[in-house]
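As structure tokens, one chain now follows by itself in the form predicted on its own.
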Amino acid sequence: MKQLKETAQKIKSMEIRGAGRIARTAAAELRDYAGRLKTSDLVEFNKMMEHAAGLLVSTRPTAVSLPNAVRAVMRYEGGTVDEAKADIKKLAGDFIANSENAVKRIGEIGARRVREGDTIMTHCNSSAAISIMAAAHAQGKNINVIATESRPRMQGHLTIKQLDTLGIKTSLIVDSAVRYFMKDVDLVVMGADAVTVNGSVINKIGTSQVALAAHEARKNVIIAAETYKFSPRTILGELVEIEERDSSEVLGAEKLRGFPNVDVKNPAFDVTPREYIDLICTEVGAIPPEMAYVIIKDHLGWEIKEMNSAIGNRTNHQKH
């Protein structure tokens, strides 16, 4: 339990960050946690796994990849604890491998949209978005990247470090300079924490402003997103919860005490309307935002069935 709580805290505190990394970490932790459990009672084992799953899911409410990863692993079956553990190990391994392969595939597909000499603007730190730039660079295309700082957590500093290691020429700008530099941009490439059924994208705060500036300047916006970042629950009318983080990330607690009439707002994400997005690049192909439903139906259909079943069960229970 100690290691499980430590992993959950690392996700919550953003020591482990990025939707894909969070998802893979959660899958691996469920696998390892199951392996550490000593009980031979299947009912007790299932209860402990459900508690672990709930703890992990509660850490980051907006990152849809997290509950999707947890649900993928928690679909395990088995008539004994050993059989359940074996199935968990397989499901977690499959999810992690598919996630890593998805990032590579997105890079290959997205790089076809990058032309020689393009200047690309990116926001926050997305392994899927970076894979597109990395693949284009590996193909010998001479590209330049403009990366935002992505305040207040400064994820842009991670992005420039990764791009620098790849040998890609990069400029770092403050978030408020996005519109000023948009005139120099040929293409915008960003990641996603969640994609809704109507094709809107939830991502790091400021993403919608970058997309709006690009739309105004008639520059194409590509969102790089693995299929497990699409949100099946939005089909049933649920809204993706926007996480608001502690004010100390923006203004330290000591400084804040000096402003008794100031209330710091720190939403971690915003919603980018599909009208500002030209293409969503997934591992199964590049699609217009309007096709998000197809991804959810064809690639996450198992979850829709589970949710509908759960709703049916609750309804029947209420009738009785």
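The model shown is predicted, which means the values in this text are computed figures rather than measured ones. Start at 1 with the first residue shown and count on from there.
Form predicted together with a small molecule: not shown, discussed below.
Here the marked residues Ser127, Gln155 and Gly191 all reach the small molecule in the model of the complex, each with a heavy atom within 4.5 angstroms. The stretch that touches the small molecule in the model of the complex, counting heavy atoms within 4.5 Å, is 200-208, out of 88-96, 200-208, 171-179, 112-120. When the small molecule is considered in the model of the complex, His299 lies well away from it, no heavy atom lying within 4.5 Å.
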